[in-house]
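Two forms, one protein chain; structure tokens for each follow separately as structure 1 and structure 2.
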Structure 1
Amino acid sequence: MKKFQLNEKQLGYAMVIPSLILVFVVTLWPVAQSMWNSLFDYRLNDPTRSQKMLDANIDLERYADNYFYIGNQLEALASSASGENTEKVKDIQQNIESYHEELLSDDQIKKDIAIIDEMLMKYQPVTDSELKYQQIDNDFAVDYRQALQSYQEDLTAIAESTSDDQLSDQFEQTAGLLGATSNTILKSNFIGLDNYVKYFKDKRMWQSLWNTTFFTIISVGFELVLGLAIALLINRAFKGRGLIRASVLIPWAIPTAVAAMMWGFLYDGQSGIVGHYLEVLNIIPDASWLLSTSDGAMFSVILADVWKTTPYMALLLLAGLQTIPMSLYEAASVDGATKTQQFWSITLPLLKSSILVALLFRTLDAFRVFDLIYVLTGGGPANATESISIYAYETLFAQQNFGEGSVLSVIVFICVAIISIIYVKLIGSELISGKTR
């Protein structure tokens, strides 16, 4: 019997499979889940849309609770009303019972309603979503819902035409009960790409995307220049270099939320030191300009981010500088090259890989900015500093609108993917393949 053995190529693929599974589980699965959620009008603050439903469903807990009172109230109305109104109420009662019997023709629903009735009698909430919500036929759902709404209108009309105030209140109360019962029959909330269409027309989404892009370009640009300068400085041998290196990293070591609160105090228009001195130096028109105006708030956020993250950029570039052989500089000095010529001819070309890595990390990190802006300005004033991540957070958790919030999350993912592709495929292709010019 021939022994099974993988060839070299198959063995290579077999070794990659665990990594692919890990990437799918950690990265792609949450994104796929967000994309699926974005296809629904899915929101927790609305009981009729708190579940993802491809077909019509019924909230059995609320339905069973309401139906318990409908029969008694309609019987009371039939005995209190007179003439045509009595016949109308009896017709409504008979029709509702007919719909109810049709609903109970499904054995599973009949069984679940019996369980829920027993729980309601014991004042127990129904926490099991599989028990609470049951899928029903779409046509039946439409007919039953429309019938209940029609009966509500009929009873409301009778209440308005009745001179007896007590009887009118009874009709109004029963009409409201029927309207509430119609809301327990839930439509499918699958809306396809409607959420995407909505956000592509949303000015606030485009404004937050522009804010994020502007913040990313300006802050990463300053961090690159300052980080390179700091890296060149601490790469030189001088007394106290270890202390300087440790001091430079302090801003990066501070948690971002703490740094944002600290800068909030420094920018304060009444007592902030930074605001005061920038005003004295005529850099800004007024200390209150920093956090109370659109331009000032964006300036404040960028300045705080540059202070916080430049050490990280410097650290990455310092690692690249230390890989450049000193013999190259010594040979260039012997040939009479100046320090500036050495920088442009030796340092910068050999530092290209480290710069690309630093830019890739910082660009992705800056584009996902959340905590710094959220704590420092809250996205204000007037959404002037609101990033796309903050907008997604507000929609997802503050408004509990998971469908629309998932759209914004998908947009963030697409932007991050585009940035990665630009760096890896266009600019960083040589870095990935290990080539150097």
Structure 2
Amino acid sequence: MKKFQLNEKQLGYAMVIPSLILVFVVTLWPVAQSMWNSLFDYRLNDPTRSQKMLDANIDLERYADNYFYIGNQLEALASSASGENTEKVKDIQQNIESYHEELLSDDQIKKDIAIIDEMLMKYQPVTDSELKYQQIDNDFAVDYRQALQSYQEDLTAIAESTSDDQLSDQFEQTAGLLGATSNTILKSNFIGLDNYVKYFKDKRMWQSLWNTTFFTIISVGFELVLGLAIALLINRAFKGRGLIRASVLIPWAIPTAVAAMMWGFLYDGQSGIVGHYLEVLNIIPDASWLLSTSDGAMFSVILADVWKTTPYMALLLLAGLQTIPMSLYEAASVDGATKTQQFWSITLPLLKSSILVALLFRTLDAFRVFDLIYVLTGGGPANATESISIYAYETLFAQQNFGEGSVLSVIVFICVAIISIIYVKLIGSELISGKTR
């Protein structure tokens, strides 16, 4: 029998499969998840929308908790009310009971309610969402919810027409309870692309997108020029070069949040030295301009970012510089080329792909800027430094609005994808043109 063996091609595929799976699990899956989330009206702090539901559901924990009170309260109401009100309350009680029976006709739900009832008695929270949320028939959900809401209205009307304050209160409370119960029967919160439509019209989204783009272009531009200068400097042989190279890297080594706090103190309008010297040198109108005005805050954020990440740019460019053979420069100087000519005709063209790679990394990084701005300005003043990531954070975590926050994340993803495609196209064509020449 022939031994089981893969041919070369199959072996090749087999080797990359684990990495493909990793790529899928680590990168594509979260993106797909965000896209899926963004199609829902999904808010963690709102019990009626805290689950993604394509069909009607019932929140059994809250339902069971409320139902526990409904019977007693209606009973009490029926005994203290008089005349037709008693009839009305009894009617409501009967109807709710029949709806409840219908709900319990599903064996699974009946079993689960029993478990949940027991847990509630012991103050145990229901953390298992399989147990807590049960899918129910759409029509039944609509009927039950509407019925509860109409009973709530009926009871409120009785409460308003009742002259006895205590009784009126009692009606009011039961009405509230029924209203709350109707909220435990959940509608589907799938809303398709509505969230995208909302953000397409949202000025704040466009403003933050513009802030991010402005920040990215200006800071990456400065970093490129400064980084190239530093790279050229430390590429030359001179005494103490190792020390300079190491010290240039210090800003890059400091954690961003720490650097942001540090710059916060340096920029401070009263005691910050950066603010003070920039004012003395007439670069800025006054020391407080830095963090108290829209333009100043943007300037401050960009300056801090340039300080922080120029070393990274320099390092990437230095690596590129070191691949250029010295013989080219020697040949050029024999031909009588000046240093400037050498820079423009040898260094820059040969460094082009390194520059593009460095720019790609930095542009993507800058576009996702979050920690620096969050610590330094918090997006203010006047929201002038709010980047798209900060906006996404506010929506996702401060407001717990996962549906809308996911839309913003997806927008960040799309922008990052577009930037990457542009750069990769440029780098790719660069490599190909190099090959054919």
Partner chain sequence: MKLWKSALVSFGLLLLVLFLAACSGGNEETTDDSGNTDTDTETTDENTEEEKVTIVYARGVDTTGANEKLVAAFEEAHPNIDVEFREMPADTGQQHDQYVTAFSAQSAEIDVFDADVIWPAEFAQANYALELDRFIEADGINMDDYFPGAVAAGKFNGKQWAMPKFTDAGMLYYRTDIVDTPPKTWDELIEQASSLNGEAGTQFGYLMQAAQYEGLVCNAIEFIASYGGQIINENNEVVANSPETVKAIKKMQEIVGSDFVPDNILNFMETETETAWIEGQAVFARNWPYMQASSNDTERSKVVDNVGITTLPAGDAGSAATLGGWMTMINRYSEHPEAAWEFVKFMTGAEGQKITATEGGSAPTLKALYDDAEVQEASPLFANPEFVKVLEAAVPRPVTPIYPEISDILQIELSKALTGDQTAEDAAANIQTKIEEAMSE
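Whichever C-alpha set is largest while still superposing within 1.5 Å between the two forms counts as the rigid core. Please read these numbers as outputs of a predicted model, since none were measured by experiment. By convention here, residues take numbers in order along the sequence of structure 1, the first being 1.
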> Looking at both copies of this chain, which one is the form predicted together with its partner chain?
Replying inline: 2
> Under a superposition restricted to the rigid core, does Ile418 display a Cα displacement of 2 angstroms or more between structure 1 and structure 2?
Replying inline: no
>> Looking at Ile21, what is the CA displacement between structure 1 and structure 2 after core superposition, in angstrom?
In response: 2.5
